[in-house]
Every structure is written in C-alpha cells, then in structure tokens.
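Form predicted alone, single chain, as structure tokens, below.
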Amino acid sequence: MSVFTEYKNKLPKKILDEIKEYTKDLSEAKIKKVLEMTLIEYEGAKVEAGECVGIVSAESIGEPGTQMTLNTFHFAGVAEMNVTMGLPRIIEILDGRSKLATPMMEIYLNKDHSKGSDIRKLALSIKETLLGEVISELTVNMADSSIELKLDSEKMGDFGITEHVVNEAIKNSIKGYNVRNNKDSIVLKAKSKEDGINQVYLDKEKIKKVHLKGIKGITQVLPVKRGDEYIIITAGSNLKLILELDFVDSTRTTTNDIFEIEKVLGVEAARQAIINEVYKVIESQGLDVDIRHIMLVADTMCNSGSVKGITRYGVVSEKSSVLARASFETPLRHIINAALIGEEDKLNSVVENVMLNQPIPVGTGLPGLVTKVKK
C-alpha cells in the first residue's frame, strides 16, 4: 500500500506491521489518519536529547523497589522447593551473583509428552538420584574396616535403578574397596587396613553422595499443569544437559540462572533473561515499571560482551571517570590509584560535575553556547 511507504522511514517496521494487521478493512483515508496519530504518539515517546535516562531509570526502579516485600515463595508439597522473590531476587540479578540462593528451571516438553502422559516418569528421570536416597541402612564395621549398605528396593523401583547400576557407580566413585553383593545388601571392604577407621568414616559420607542417575544439579522436580499443557519445574539448574534431552522443547525451556544462560546461549540471551527475570518479579509484586528502564539496566550490564553486576567489581569498575568510580564505594583507593598512574578525568558525565559543583552536561547544560557580547 502506498500510504504505508510514506511512513516507512518514520515508524519502526514492527509498529507498521501491527497497524497493517488491525486496519485491513479500513479505507485509505482512515489508515492515513491512524498513521498520523501513531507518528505523533511515537515522536512524543522518544527521549529528548540530553535527557538523564540513567537517573530516570534508577528512580523508576528504585522507588517501587522500596515497596517490595522481602519474601520467599514456597511450593506446596515439596519441602526443598523455595523460590527467592521480591527485593532479594532483584538484588541477586542486578548484583550479577553467580551463586543463586534458589536456582530453578521451567522445562517445557514436546507435543507428545506435554499432554501429561508419563509426566511423573519423565520428571523422575531428570531428577538427580544419589545413593543416599536408596539406602535404608548404612553400617560401619570397625573390626574389618568394611561398610555395609542395605538398599531400599521400593525406592529403587520408583527411580528405576538396579543393583548393577549401584555397584558400577560405587566402583567408579570410591577407590580402595572390594565390592561384593549379599542377599539384600552391598558390602565394601577396604583393601588395606593402613588407612584406618577415619578414612572409612570419610568414605561413608562420600558414599551417600555417589551419583546414580538423572541430571547433576537437579535436586527436586515438580510436574505442573500450566494452561493446557504440563511442564516440569525443578529445584537446581543444568541448562546444557537438559537441552540435550529429546523430549524437551528447547525453544521455551529456561532457567533463572543468568550466567548459565550466558554460557550456553550467549550474551544476547542473557540480556533478555535479565529483562524477563526483573520484569517477572516486579509484575508479581503488582508494581508497574516501564520495560524500557529495565532494558537500559540490562544493556548496561551486558554492553562489554559478558554479564557484569552493578557493583564496584562489575559495571562501576569500568567507568572511565575516576570521580564517578570513587563516588560509588572505596573512594580513597580509586583516587590514590588514579594519582599513582596520572589518570585524567574529562568531567563529561553527571556524577563528577555534581561533586565539583559545576553545571551537569544534560538538558540545558548539554550545549556550550558561544555568543558575542555587546560592549
């Protein structure tokens, strides 16, 4: 349509496509009127040159942030499944913490499995099963430095584990023992008695943590119905290995661990994950923050090519201005280090000019006016 070509360079393609979609049945004159009004709205939504977008974003996120509750959401029915929510979660994301308090995943399944057939079996096949979970009794014999494990056959049946699997796992993980099977137990006898009873006690604890099956890091699983399909929510996260499973829908499966997303899918995916995670928390608290403020923060965290938290070790350490770095934390260290190497501060941002009581280079302070004065 000719009417759309006129606005091709004035409005973004996405907006034009949406208008095309919604104005199919309208006359050309009416479509032109819609496009004119959209252009006025679009121009009004643009940021003015010299607008302090950083400060506006900081205020827009910080003000509702003070009203957030400090809480942890708990999944009913599964003891170990807590989810950090509210302000602690926002701090966790924006500080760029690589060790999360409650890592979790949402695993979407392919069409054949998402309707709920074998959902419990699939969930249990993902869950990491440790030897300690299928042992009903564990005894140490001091006299001949041996450890005896009684296996819980009911639990082994639930997890689909055989005695052979247990034997192989023990042999691969615990060295220095002869392994033999009794009727309903497994006995580990130390090859040499020189190591002493202390070593046997250490190995006793090690045995409980031997990995039998499932995906490392996934400590709990919970099948949940969302809309008309089933998904699996997990405590613990291992995106790389989960995406390799053939029944998983890799296009929608996600984790709340930003650094894991960066490692597996790259920095662009991590940027989008930061936006999604922060927005999810703000939305769940019933607050309203424009997504563009969150996008600006995500861009700042990812613009160096990897995710960096908004801390003195992350984003702040990369500021070119000495005074801006000093204004955040540890001022003496920054100023002394800068003095030692003769670093220069060009004073071309907000913080350093506020510190020196000078006009800041934003808004009307942005242009430098040159004028002839009449004598």
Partner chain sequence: MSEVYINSRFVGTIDEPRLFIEKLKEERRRGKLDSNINVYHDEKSDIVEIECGKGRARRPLIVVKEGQPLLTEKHVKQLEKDEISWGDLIKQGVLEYIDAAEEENCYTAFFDSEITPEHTHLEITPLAMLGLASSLVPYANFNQSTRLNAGSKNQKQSLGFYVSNFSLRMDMDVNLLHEPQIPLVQTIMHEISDYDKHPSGQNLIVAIMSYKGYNMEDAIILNRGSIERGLARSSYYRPSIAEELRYAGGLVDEVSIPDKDVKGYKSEKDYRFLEPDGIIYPEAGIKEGDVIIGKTSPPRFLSSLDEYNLASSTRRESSVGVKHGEKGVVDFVLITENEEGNKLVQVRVRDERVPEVGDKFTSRHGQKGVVGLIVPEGDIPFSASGIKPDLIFSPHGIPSRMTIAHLIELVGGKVGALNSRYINGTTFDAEPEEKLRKELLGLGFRENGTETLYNGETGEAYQAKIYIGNMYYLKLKHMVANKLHSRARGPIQLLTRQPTEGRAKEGGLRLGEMEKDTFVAHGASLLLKERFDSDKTIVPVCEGCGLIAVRDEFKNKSYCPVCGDNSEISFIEVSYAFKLILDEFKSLCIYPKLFLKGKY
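Computed from a predicted model, the values in this text were never measured in an experiment. Positions refer to the first chain, counted from 1.
Here the subject shifts to the form predicted in complex with the partner chain, a form of this protein not shown in this document.
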In the predicted complex, the residue from 37, 26, 47, 56 with a non-hydrogen atom within 4.5 Å of the partner chain is 56
In terms of non-hydrogen atoms within 4.5 angstroms, which of the given stretches 26-34, 339-347, 303-311, 39-47 touches the partner chain in the predicted complex? 339-347
Does residue 360 reach the partner chain in the predicted complex if we count a contact as any heavy atom within 4.5 Å? yes
4.5 Å heavy atom contact, residue 364 and the partner chain in the predicted complex: yes
So in the predicted complex, does any heavy atom of residue 318 sit within 4.5 Å of the partner chain? no
Decide whether residue 68 counts as a contact residue for the partner chain in the predicted complex under a heavy atom distance cut-off of 4.5 Å. no
